[in-house]
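The chain below stands alone and is given in structure tokens; this is the form predicted on its own.
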């Protein structure tokens, strides 16, 4: 049995209770099989096993008191995956779906995503099964403080630099940073990214993931001599990533015809993201109120991927496994020629395989949504050098990073004779090889 196949089968048994991790591991490892074909010596070095095992998995309890004085206990995690390229770097996620399996898959993806940015960052991920929905400001603050009371001993600007993720925005990062500062007595601004601009945060960080997707997507379209103007686009997710992807898409001339959130989706031939941004300022944010305000379009419950709307470009920006094989078939039938992932692993492995077999351009999340962590890296640089860059400076650096990611993919496509539409394999090979080279150079045995 080939080395890659053997390791995949071993991990399917070893981590049978971790389906998300198994899915991510299989997708990445199968797409980089050529690396191990070219380097048979990697088997004796157990390179794959060393890549797949986190360097450290930290699991802890997070007790907190609600506004009624009742004590609750959640599970907290930090997966420090790989530090060959720099300090562990990756978000903190607060969501009921958080498990060790989910965080391992995210940490694995993060390791190779960070490698693509060419910034000195390793990979990690953390979070809790705490649900911030319908919690008061004080409850969220108390939870963040309890979470950091354990986490602080495991992080630092040269060790592990967490950021925000699903359920963790600037507000939560502020509470986490404040508790870290109180416990340690050090105003160590470089220990967290995604901070408020007034105390060490970077301009453009909020928009970076969404903008980065479009910067890379337009590079890809340019390669195929495709004009983005007027291309019919749907975006799933109306959080930070989806919102700013829609904003930049509109600015670049794409025609958004549909958008969704957890409650359902809106179809509108003249979709206006500015209406969504205004609605988001209201608490609670009611997505379907778009129709009332715009006085056009229609709201439907369910997934936008279950509708038959003609579409050219699809940008899933919500969560993992939104698109299965059945939905993939529908998207291809409806005319999609490009899939640009904004979320982490939004497509099942079967869906990705179907897209590639049907000559669809596929830009994976580890390349497409790298703009967020890239700008976190730029925030780390500003903190370390005590500098503050303008929005124009940060945006320019972000564009350069996304351009460089595209160039890395093109180089790999040529070197390994990969199909020019298969950015999945190209991005995976580029990221994985960079981490392997660093591990070997450092004698990481």
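Residue numbers count along the first chain shown, from 1. This structure is a prediction, so every number in the text was calculated from the model and none was measured.
Omitted here: the form predicted together with a small molecule. The next part is about that form.
| query | Is there any non-hydrogen atom of residue 195 lying within 4.5 Å of the small molecule in the predicted complex? | reply | So residue 195 does not count as contacting the small molecule.
| message | Using a 4.5 angstroms cut-off on non-hydrogen atoms, would residue 262 count as touching the small molecule in the predicted complex? | response | The answer is yes: residue 262 has a heavy atom within 4.5 Å of the small molecule.
| message | So in the predicted complex, is the small molecule close enough to residue 318 to count as touching (4.5 Å, heavy atoms)? | response | The answer is yes: residue 318 has a heavy atom within 4.5 Å of the small molecule.
| message | I'd like to check something about residue 98: if you look in the predicted complex, is any of its heavy atoms closer than or equal to 4.5 Å to a heavy atom of the small molecule? | response | Flag for residue 98 set to no.
| task | Given that the partner is absent here, state which listed stretch (343-351, 329-337, 174-182, 142-150) has heavy atoms within 4.5 Å of the small molecule in the predicted complex. | result | Result of the contact check: 343-351.
| said: Quick check on this chain: which one of 80, 238, 117, 233 has a heavy atom within 4.5 Å of the small molecule in the predicted complex? | reply: Filtering the options by heavy-atom distance leaves 238.
| One residue of 255, 93, 248, 189 in contact with the small molecule, assessed in the predicted complex (non-hydrogen atom, 4.5 angstroms) | Looking at the other structure, the residue within range turns out to be 93.
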